[in-house]
Each structure stands twice: as structure tokens, then as C-alpha cells.
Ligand code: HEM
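There is one chain below, alone, in C-alpha cells, taken in the form predicted alone.
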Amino acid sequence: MKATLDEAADQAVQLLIADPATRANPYSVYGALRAHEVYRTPLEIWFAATYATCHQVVRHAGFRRRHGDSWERRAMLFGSLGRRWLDDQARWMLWLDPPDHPRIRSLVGQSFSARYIEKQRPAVEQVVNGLIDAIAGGGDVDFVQQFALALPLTLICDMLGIPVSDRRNFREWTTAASGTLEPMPSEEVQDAADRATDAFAAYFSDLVDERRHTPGDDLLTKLIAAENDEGKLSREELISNAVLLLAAGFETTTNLLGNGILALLRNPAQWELLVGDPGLAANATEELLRYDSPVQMATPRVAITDIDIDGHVIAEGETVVAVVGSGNHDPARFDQPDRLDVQRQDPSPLSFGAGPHFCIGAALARLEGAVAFEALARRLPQLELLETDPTWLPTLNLHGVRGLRVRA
């Protein structure tokens, strides 16, 4: 029996890595991983796949981003030693541990606190309604390009103080850079990530110099002030983390909005519930994060000591990945997990992680989702899905549709 379960889990891992159809619908194979709760793959990486084990992994103080030579071993495994993208990401707070992680995170934390983000609600509502004005009555529109991408890209660029005229290449660059977050990125993917990293570095280097001479009321200016305060932030850290904030600020929320509207229109009874009571939008956002998470896997963690997770010992130096997309569909935690229910009590998605690396942009993403879904339900109640089988992004971790045709 154990051999059969192991074979099913091994096959699930292979399909997740190599099969585009499985990447488009990873929930079809997650059950094989949940049967183990925590599973050591043939790649010698552990997957935590149940809600409970994912929750333990992302919160456990014994797991860090790096330990010993783990960063170097990861580079060797990926064939990325000396790569420009790897050197840049080494400075991302996403990949850092104390004391560097809290030092950098604290510098941007105030601009992403729940209280500060709530004050941005009027600005979010203005952008949302402007985008709806542009697509309403427009017939066949691409919801991803004309709404789901435009909303978070506008807002995060406004927060960073990036001029409107400079924004057209960002999606291409972030798509290239984020390809390295996938399991075993190919040489072609890494080449594209190197080019994107160079483009971002050049752009932000020039913008930082400009903003230093002409400060604004924006997050980038605040980070520059921290750079000027000796010991708080280096120029390299500033530029690398500005790239991270930009990319993380719109890539995942684009997928939340695109996946969300697709799910709602594929489940018309749920869309009608939201149309009938747009006040459900905040809860619907949580449910949509659970139902089809924009991020399927938390960033890998390394054990700094032997750690027991539900009877499975992850040895010091071993890597574990919390498969939050699987945990969000765990029947031990959710009744009928594969069913969309915008009225679900306590959806509690794992999509933003937990602990020290809890997504710093969670409050902003939740606000954007709640405002967007409420306004769409109020103003476009007849929204119609024209593309029942859209093309999904080729990535597994960043999970979303490339485009989505709807009649507005």
C-alpha cells in the first residue's frame, strides 16, 4: 500500500513539474501528496501538502530561507551559479533571514500596514471605477489585460512613484524574472531572467538618482532616505527590493482578479449571490484566494535543526516547500473544498503564508480584491464569460490565466 501511495505521489510531482495540463489544474493531483501529509520527493525536497502541515511549516521558527550552504546548493541544482538574477534575488527580503530580513522589512512595513492601506481605499475605488468605465459596454474585452493587470500595476506604481510613461515594459520583465521561482528553471528561462534583471537594475538606478534630487511623497523616496541613513539600506538592497515590491505588487493580484472572475463566471450561482449582495465581496475575496490561489507554493525553507512535522523528521539542512494550493483544498480543513462558496464561513486561505514572511502586500491585495469584486458585481451584473477554456500561464507557482475574454 505504501509503495502504491509513493508511486502516486512521485507521479504527481512529475506531472506538476512537466505537464502543462496539470499546471493549469494542479488540484487534480494534490490528493496524492496530501495522502502523505509531508512527502519527500525524488528530488530530495519535502512537500507539505495538508492544511495543517503547510501551516506548521510557514510558521515554524526552525525553518529559515537559508542555512549553511543551502543557497549555493540551490544554485548548483538550478545550474545558476554566477547568474545575474540569482545575485540580485539574494538581496530580496523574500530570501533573507534575521537580522537582514526584519531590517529591510521594517523599512517598507509602514507603507503596507493594514491601517495605511485602508486609507488608500478612495484611490483604489477611483482606479477600479475608471477601469470599469473603460470596459463597460465594450463588448468582447480581455479582462486580464484591461482590468486584472491594469488595477494592481497602476496602484503599486503609484505607491512607488513610478511615472505612467515608464510602465509599459514591467509585465514582460517581471514575467521573465519570476520564471526563476519555478522548480528547475531551464537555461532559456534563466537567460530571460538575467536580461530582465539588468533592465530593472538600469531603470531603478536612474529613477533613484532622479528621485534623490527631486524627492516625492512615495515609497521609493522613503527607501532612499533609509539608504542615506548609514547602515539601514545599501543602494544594491534598495534597487533589488524596489524590483521585488513592484513585481510582487501586481503579479499575484493580477492572478487573483483573473482567476477570481473566471471562477465566479464558471459558477454562475455564486456570481448571482455576489450580484445580489455585493457586500459579500470581502468574504468572496478570501474564498477565491482559497479556491484558486494565485500562488501555489510558499517559498522554500531550510531546516536549521531536525524538525518533526506530524511524525516526519525533516533533517537539518533539508528543504521543505509548503504546497499552499493543496492545503487550501484539504478536505480535513474545508467542507467540499473543490466547491466555490462565496458565503463560506472562515475561508482562512494559506495563500499569504504566515509568520515572519507573511506577505507584506496582503492588506493591499485584499483591498484591491474586495473593492474590485464589489464594483464589478454592482456595475457589471451581466458580465459574461466568452472564453470557457482560457490559456493558463505555463508556470506552476504563479498560477493564473494569460488572458480572459468576457463581454462587459
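All values reported here derive from a predicted model rather than from experimental measurement. Residue indices: 1-based, along the sequence shown.
Another form exists, predicted together with the named molecule; not displayed. Remarks below refer to it.
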Note to self: Test of understanding: in the model of the complex, would Gly325 fall inside 4.5 Å of the named molecule by heavy atoms?
What the structure shows: no
Check: Using 4.5 Å between non-hydrogen atoms, is Tyr27 touching the named molecule in the model of the complex?
Finding: no
Next item on the list: May I ask you to state whether Leu245 is within 4.5 Å of the named molecule in the model of the complex, using heavy atom distances?
Entry: yes
Check: Would Leu364 count as a contact of the named molecule in the model of the complex, using a 4.5 angstroms cut-off between non-hydrogen atoms?
Finding: yes
Checklist line | Per-stretch contact check against the named molecule in the model of the complex, the hit in 166-174, 196-204, 326-334, 98-106 (non-hydrogen atom, 4.5 angstroms) | finding: 98-106
Next item on the list: State the residue from Leu264, Leu256, Ile314, Leu223 whose non-hydrogen atoms include one within 4.5 Å of the named molecule in the model of the complex.
Entry: Leu256
Check: Along 341-372, which positions have a non-hydrogen atom within 4.5 Å of the named molecule in the model of the complex?
Finding: Ser351, Phe352, Gly353, Pro356, His357, Phe358, Cys359, Ile360, Gly361, Leu364, Ala365
